[in-house]
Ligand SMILES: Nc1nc2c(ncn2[C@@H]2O[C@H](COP(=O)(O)OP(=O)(O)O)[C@@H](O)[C@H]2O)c(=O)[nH]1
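Just the one chain here, the form predicted alone, laid out as C-alpha cells.
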C-alpha cells in the first residue's frame, strides 16, 4: 500500500475537536487556580486540536515513500496512474497545513494567555475557525490523495534484484502458458495500468540466481499504432524492468495472427525497448509445413522451438535465460 488512510476535512476536524473537548474536560478537573482555569481550558483545546491534525498529516507524510527515491519503474508507474506532479503537490499541501497549524497553535495560545479569562472562549473559537478554514483550503488535495490511495493500492511487487524477462507477443500465442511452465509456483497477478487483466509475475531460482518473468496482457500484445499515449507511457515504465524480452510466435497461426503480422509486432517492440530479445516459436507440433516454419525461424538468431502446453522445449528456454543471466548483472550491466 503506497498511501495510508486519508481523512476528509470533516473527519479530521471531528477528531481534532473531539480530542480537544476531552482535553478541556481533563483540564477542568485538574488542580488549577479558579481564576486561571478558564484560560487553561481554552488553551488546551486549541493546542490539542492543532496537534491532532498535525500528527495525522505528519503520519501520512512519514508513511508515504519519497517519490524521487523510488526505483524509476515505480516513479513512471505512479506518473501513469495518477500523475507524479499532482501527487507531490497534494502531499506538499499537507506540509503547508502542518506548518500553518503549528503557527496558529503558537499564536492563539499566546493570545489566550495574554487575554482576560472572559475573552478566552472567543479567542479559541476564532482559532477553531482558522483551523477549519485551513482544512477547507486543502479539501481538493485530500480528495485527490484518497483517490491516489485507491488507484495505487495494488501496485505490482517487483523484485529489483532479480534478472527480469518480460514476455511479448499477440494474444493466445502461449505467453501465460510459458510463464506457468517456467515458474514452479502459480504466477501472481498484480494490477497494472491500462491492461485488461493485470500483469502476471512468476519467480524462479537457478544456481542461486533469482529470475523474474513478467507477462503484460494488453500492453505488449498489439501494434503500437493501436496504443494511446498513456499506454505508451506504461510501456516506458516496463522498460525499466526488462533485462531481456521473450517474444513468442504462434507458428501454427491458430491464434488468428499470421506470422507476417507477428514479425511486424516484433519489430515494433524492438523500436521501443533497447533490450535483448529471445525469440520463442511456440506450437510447433501443429505445423505441417516445415519449410514454412523454417522460413521464419531463419529470420532470427538463436530461435527456440517449444510446445509450451506440453512443456516441451521449456528446459531450453530456462537454459537460455540462465545463460543470459550469467553474463548480466541487474539493469543489463555486463559483468567484467
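Residue numbers count along the first chain shown, from 1. Computed from a predicted structure; not experimentally measured.
This next part talks about the form predicted together with the named molecule, which is not shown.
In the model of the complex, at least one heavy atom of residue 286 sits within 4.5 Å of a heavy atom of the named molecule. Among heavy atoms of residue 132, none comes within 4.5 Å of the named molecule in the model of the complex. Shown alone here, residue 177 lies within 4.5 Å of the named molecule in the model of the complex, counting heavy atoms only. Taking the partner from the other structure, the named molecule in the model of the complex has a heavy atom within 4.5 Å of a heavy atom of residue 171. Screening 271, 59, 294, 309 for any heavy atom within 4.5 Å of the named molecule in the model of the complex leaves a single hit, 309.
For the named molecule in the model of the complex, the listed stretch (277-285, 40-48, 63-71, 296-304) containing residues with heavy atoms inside 4.5 Å is 277-285.
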